[in-house]
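As structure tokens, one chain now follows by itself in the form predicted alone.
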């Protein structure tokens, strides 16, 4: 008879329990680390996705509300209110009617306006206004046929204040006449960067393309002594100073931000403009600030000047003015209306058909091979590129059915494109309604259609409306499907066969033709707000009703 060693058994059991406890703790720690890693991965992915979306949206909205461009021009971004012009003695002041959207203008554009080319402000500030120039009678015969001459500065001020699109030049000494008038004082950019031809020559495949304000100041202060430091050729910089007391001299001192004694020590002084122009043309590496209209007269080469231009972009007038000249001038009011008409018609055509098809597939059709093929076809159509729908619409609606390129053809094409989305989302919404709802309705004596209309569809309405909202969002932003079917007429549509331009195609045209990236971003911002408005309103209606 064997004797059982109880203490030994207890010790073994304790060891086994301890081992299992350690395993359990280890497994728990591993599971905890896996869960933590999974949570970090999920939250990180969500945060990254949200961050990217917010960055894209924020960038578009920023550029939509604010213009931010890098400009390369012959003119320096320094302008004064009082400027010396050849049309009368002393300094002049440019005034425009306050309804003319203008912040500044360069001398070349000003001369063009005064000579009647162009005769509309659209080419200058994208505003559809006729240019109405007024000058003193002492300058009679110097400008275009559309220039009107007045005997006194006060008459010019009165004429400019009373007519939108009017501009005039008056002596700076009469600036007080503009007080309490519907007039804006406009700075005129006159100065350019003149250089000796040697500065622009290519050396070792290197050519100086432009300078900016930072480089300009360094040259004026003597901190930059070789063009190589400005990404140019290896050649000493020789600053040529204009005659002291001149307009160019005062502007140079202002830009340099130093006194005349602190200018570059190697600068070449001049006592007359003839000497100034001669020094620039004859001194290798020479540089000077020169009036733009004097450069061509004296055969002086100009160097491009780069600067950053910022300001408000999207403004109220852009939303309410009609577009002109293929969208280059004016706003987008009629284009917004065309977009609204397109969305309303697309919803009118697609929603009943899409919901009806979903009801048939879920409630009436026999769930066999045919229905499976129909669902497969619907899902396939939902993934087809929109350009294919555009080609189909062009062949069928525009060509075979002779509807022409217009609102109806484009709307029917969009209807076909968004139908798969509406059908599939509506199907899933109807399937999500508990069968007990239908059974209860039928048990109370209601018919099949009554049950669908009174019970199933109201219960599935939130999901159906969500699908419709998604479809509307796709329709509003669609471009490719409309290129061949709706056309590009920016005027308001008059009937269903009228060609119409909507926001998405307008945006496409602005970018494709390089008309204006500022106008393109402003249009994109309006498009985003329309989509957000539709989504917010629809979501609010769903919550309020269901």
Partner chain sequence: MRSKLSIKELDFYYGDFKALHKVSMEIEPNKVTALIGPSGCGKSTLLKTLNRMNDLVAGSVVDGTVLYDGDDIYGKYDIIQLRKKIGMVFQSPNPFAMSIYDNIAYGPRIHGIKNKKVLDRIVEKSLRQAAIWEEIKNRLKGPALGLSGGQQQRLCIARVLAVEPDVILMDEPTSALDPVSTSRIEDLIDELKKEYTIIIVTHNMQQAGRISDSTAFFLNGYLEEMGATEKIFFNPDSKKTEDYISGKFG
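We call the rigid core the largest set of C-alpha positions that still match within 1.5 Å between the two forms. Residue numbers count along the first chain shown, from 1. None of these values were measured; they are calculated from a predicted model.
Absent from the display: the form predicted in complex with the partner chain. The rest refers to it.
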| property | result |
| --- | --- |
| Region of this chain that lies against the partner chain in the predicted complex, out of 205 to 213, 434 to 442, 223 to 231, 402 to 410 [heavy atom, 4.5 Å] | 434 to 442 |
| Contact flag, residue 172 vs the partner chain in the predicted complex, heavy atom cut 4.5 Å | no |
| Residue contact check: residue 454 to the partner chain in the predicted complex, 4.5 Å heavy atom | yes |
| Proximity of residue 470 to the partner chain in the predicted complex, heavy atoms at 4.5 Å | no |
| Non-hydrogen atom contact residue 450 with the partner chain in the predicted complex at 4.5 angstroms | yes |
| Partner-contacting position among 110, 263, 459, 416 - heavy atom within 4.5 Å of the partner chain in the predicted complex | 459 |
| Single option in 395, 388, 353, 446 placed near the partner chain in the predicted complex, where near means a heavy atom within 4.5 Å | 446 |
| Did residue 116 shift 2 Å or more between the shown form and the other one, C-alpha, core superposed | no |
| Flag for residue 456, CA shift 2 Å or larger between the shown form and the other one after aligning core | yes |
| Flag for residue 402, CA shift 2 Å or larger between the shown form and the other one after aligning core | no |
